[in-house]
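Quick setup: the structure tokens below cover two forms of a single protein chain, split into structure 1 and structure 2.
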Structure 1
């Protein structure tokens, strides 16, 4: 049974569990530090890196301002190239299109190139319920699938696994899914890659239907683009007779020349390479070459909701490089599963609430708080998404969402504070009550040899989980001044 993120707890609870896993923290620290160092080296070679970032942001902003026009041009070009274009408002509609294509060709399996859009809509689970197996062909995605696990990183979904764990997964699970792992398999990376290659080759050769996403979609020529490092994508895009590509509507670029900017930004920011080993492009049907039936599903699934957010729409610039994850101190310590989504880390902390909307579930509403607001994510983002600013704005939205309904304890406390601060008489009364409590607590704690509260009961318990609470002052400043006139200062 494939795992899903449905039912995941809110970030604080999930993060607390992750922090207790020392092996997870060690795996993450090693992997993210390695990727960070590679990125820094290749970015340092580019004299005009900041100009490239500005250019990438400008292209994406123009796309978002004229998204309707670019999408119409893309549809026209794809149709002229022989592709069938489908529009999907949500995950259900997108999954239904892919399932119908698979069923119309009588297949019980499809091969997939790594696609975050299909993971977002939980396509594999939908097809599985219909008796259609969706085989992941990206090495890290294969590890996650065989281990009945969940992805935890945008670029390296199995970043939370080490080599010994991967070897065990291959040894235990490959045979049930197809060609078994070699009996003498070791945890050397080359041997693990070889085992995956042999396992997948038979799937590539027999699959009639392939499923992909796209990193970019060029509107003027109807060209879809996938960048990858292993060649599995090239196999999925060329060998099957039928290809279905699920593409987020924000992936569109106006012209081929715009692609030049992103093919410099993406590999350096993601894998720390000057170029991706494989950059595949396809434009509809080419007689006698590649799939002879091509479908493109243009996916909304909350993107127009995000587009309507004046502060948050910049998140749709994202090119899924994962640079923000690799520098985030919160992600490095808690891992991707804590975010409860295929989009983890800083970008997930803003993208998920923007796509789903705030005020609907506790897990989504917890994500804007999964950050220290250190700003490292903004510094490395190749398209200059100001993630900290969006996080702050989303926190305000989360606070405002319950207005008009049953207020949360935090809101009640803040309303009480506002009422006290807005009236001198109420403020004076609050100071007297606080002073009395301070004297009483001070006397009681003094008898025990303590000077502070170790834990506040009730709603205040969360504040004192990681800090001591000082005692309320026994005398307010105004009372002290009135009594002494400042002479004791």
Structure 2
């Protein structure tokens, strides 16, 4: 059984639940501070980092603005290399392609390299319904799959789990999926990794069909690239007879030499290493080496919708490094599940609404607001996605979607504020009212020896549940200036 994000509540509600989980917050704070420090160290030693970021952003922009041409070239090159190219408009079509390949080989299991695209299309659930087991082989994915859990991070989907929890999951669940965990398993990371090695090795050695995504797809040469750490990727890409790779259409790079930029940007931003342990590249079928039947599924699933968004299309530059998650103060406290998607954190807050469209469901519409707009994500993004600007633009789209319908209380409040701010005379009047209220409240609180508010009724209660609120000043600056001309400052 696997879980899905279907039916997740909107962000504020999901976040409230997560914030109450002190174990989760401790796990996340520890993990994100570790990775932040590692990233900062290895990025700091690259003296042309900013030039690489600019080049990376420009290469991706060029790809996006000529995506049709690059896709056609990619298809040609892949076909020439002996690969079979499929196109999928949505998740359903992509899953059907993979299922058909599996069925045509009569297998009831496939081994999988960690891939965001296949997580996005919920391939495992789809295959499971058809009686085909999809074994996740990345350690973190394995933890999530065995634990019947949901991923909460792009790079490390089990970031919300600590070593003790992982030991428990392995001990309880491995036996049902294959080789059981060793009896004397401890929570030492090296022992846990070894347990995964033993558990998965029998699956790698017998697998007929492997399923992957790709970090990059080079249009010129038809070369696919998978960047990984553990070697499970190499196992899935090399040992099976058949390989199916599900690749988002935005993963194209024009030329092989463009990899010189991205193979510098990605590992340092992602795992905070100078280079990840293993990177595999392959161009279709290589006679006598690796899978002799190679399929590539080019997936849209909302990407052309995102591409049509003038401000938001830059989100398609994303190389899934997760640096933005690791620096995000909101993500660090709420965790990934609160975002209700395989794409959590700042990039998820823009990518999900861009892929799905806004104005249809409350959960998606809540995501652009799941940010304090602090800008830490933009600062670390290796392809310079201006996430705060896209968030603000998406908020406008969320507000604009139902215009003409029944306005929400928030709309009424902000429209009233805007009306007051459109003229100094109106604002002055509003301040006189609040100033009078402030004097009145100040007089009452003063009798109790206080100078701030402990509780505001109505919508303001969200503020004063945990924070004191300031009293409106008895005399606004505006009135003071009018009275004194600024002379007794």
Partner chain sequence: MVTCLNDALFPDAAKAVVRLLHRLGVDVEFPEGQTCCGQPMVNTGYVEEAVPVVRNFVDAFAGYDAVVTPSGSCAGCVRHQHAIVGRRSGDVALQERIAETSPRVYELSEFLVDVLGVEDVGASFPHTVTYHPTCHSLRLLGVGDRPTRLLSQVRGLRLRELPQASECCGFGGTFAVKNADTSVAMGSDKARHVRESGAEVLVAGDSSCLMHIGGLLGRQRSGVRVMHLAEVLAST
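Between two forms, the rigid core is defined as the largest C-alpha subset superposing within 1.5 Å. Keep in mind it's a predicted model, so treat the numbers as computed, not measured. Numbering follows the first chain given and starts at 1.
Engineer: Structure 1 or 2, which would you say is the form predicted in complex with the partner chain?
Structural biologist: Comparing the pair, one sees that structure 2 is the form predicted in complex with the partner chain and the remaining one is not.
Engineer: Would you say residue 40 moves between structures 1 and 2, meaning its CA shifts by 2 Å or more once the core is fitted?
Structural biologist: Shift at residue 40: below 2 Å after core fit.
Engineer: Superposing on the rigid core, does the Cα of residue 54 end up 2 Å or more away between structures 1 and 2?
Structural biologist: Residue 54: C-alpha displaced by less than 2 Å between structures 1 and 2.
Engineer: Core-aligned, does residue 430 move its Cα 2 Å or more between structures 1 and 2?
Structural biologist: Shift at residue 430: 2 Å or more after core fit.
Engineer: Taking the rigid core as the frame of reference, how far in Å is the Cα of residue 471 displaced between structures 1 and 2?
Structural biologist: Rounded to one decimal, the shift is 9.0 Å.
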